[in-house]
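Here's a solo chain for you in structure tokens, the form predicted alone.
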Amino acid sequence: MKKKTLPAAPLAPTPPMGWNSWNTFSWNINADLIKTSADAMVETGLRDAGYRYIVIDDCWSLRDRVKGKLVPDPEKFPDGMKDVADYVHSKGLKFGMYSCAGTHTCAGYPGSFEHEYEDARTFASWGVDYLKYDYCYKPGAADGANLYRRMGMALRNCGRDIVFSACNWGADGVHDWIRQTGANLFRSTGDIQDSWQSIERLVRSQLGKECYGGPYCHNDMDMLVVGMHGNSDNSWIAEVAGGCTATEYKTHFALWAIMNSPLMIGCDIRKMSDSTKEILMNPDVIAINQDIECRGPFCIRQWNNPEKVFALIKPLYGGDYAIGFFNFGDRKSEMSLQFYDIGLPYSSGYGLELYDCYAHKTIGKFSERYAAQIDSHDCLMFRAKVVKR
């Protein structure tokens, strides 16, 4: 038997970072859009900030297979998919695509049900590095966990290293079995919309489930809507005229970062505002998301406003801690973090030195507690170092 060549390193030790076509463009995709988005990834500095994947979502193929194979729509991708992959790779980026565990994709194109091994070989031949694998039109009698095991095995034996992004929306108790399928990330929520209400709903659904993610298998809270401002070809995604405020996008990004969700941009990166770039390329917040240990945060709620104001605390490699303060309420409120509650009693003789991830500077040393006023829908993010008082 021929000896199998192992990957240079395990895939996705930290949450993947990149861009996906769906949130802004939905079904209106083509080769030019993907190539110019790859150009923008480089020219804006996103690639150098850590974003690596350019991912085509649904609606890229013909409506029917040809001789059993998936075929790119020749009007959208006239030179085929390998041409697009080669272009993306030439920019120092990685190339991602989309399929589905059901008989059809969510938009009604051919899915990979009963074609897993054939499709995995096809994707490998095109130079695919990442596969988003959805859950629409799954036959009712088919076991979802087994379908993801099938594609997981197919990808691991297709001859190419392909990150496996399982997207079953948190259905069927996915937290309990997804790591066993070989998936590198798993969607734990329904689809995001470009509204504060949607962001809050998704976050609340995952508070208490932080322990399920970890290195090589990350809890995916869906793609980012940062910078969309209501601009989408899909009216369902653009739920609210104008989308979110800059403050709400900042908080959205901070939450996805500290909760270890993959950071997959959904706006048109060719037209980003300076505010959007500042949020998406904040090196201190990205570093918290990309911490090599990928430990989930725990939640401390404000004692007199527990439903609206809370802190998330995440242990980091090397002894530091990430601390995020969040206000879901409609008016300014206090968050008072008692250090006793995070494992640092006053009797220890230690306190915390806090580095502000938005001001990009150390703001001081504190003992016993730290309290701050947080504006509505706003956040604070700190990198904390344990120091002697």
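So that there is no doubt, residue numbering starts at 1 and follows the sequence shown. Values in this document were obtained by computation on a predicted structure and should not be read as measured data.
Heads up, the form predicted in complex with a small molecule isn't pictured, but that's what we're talking about next.
Exercise for review: Evaluate Tyr98 for contact with the small molecule in the predicted complex, applying a 4.5 angstroms cut-off between non-hydrogen atoms, and reply yes or no.
Suggested key: Tyr98: contacts the small molecule in the predicted complex.
Check your understanding: Trp19 near the small molecule in the predicted complex, any heavy atom under 4.5 Å?
Key -> No.
Check your understanding: Quick one: is Trp169 in contact with the small molecule in the predicted complex, heavy atoms, 4.5 Å cut-off?
Key -> Looking in the predicted complex, residue contacts with the small molecule include Trp169, since a heavy atom lies within 4.5 Å.
Review point. Might Val84 be said to contact the small molecule in the predicted complex, defining contact as any heavy atom within 4.5 Å?
Key: No, Val84 stays farther than 4.5 Å from the small molecule in the predicted complex.
Practice item. Would you kindly say which of Glu116, Asp134, Asp129, Asp291 lies with a heavy atom within 4.5 Å of the small molecule in the predicted complex? Key: So the residue touching the small molecule in the predicted complex, by this definition, is Asp134.
Check your understanding: Among the candidate residues Ile286, Cys106, Ala145, Val71, which is the single one with a non-hydrogen atom no more than 4.5 Å from the small molecule in the predicted complex?
Key -> By the 4.5 Å heavy-atom cutoff, the listed residue in contact is Cys106.
Point to revise | Per-stretch contact check against the small molecule in the predicted complex, the hit in 330-338, 57-65, 44-52, 30-38 (non-hydrogen atom, 4.5 angstroms) | key: Going through the listed ranges, the match is 57-65.
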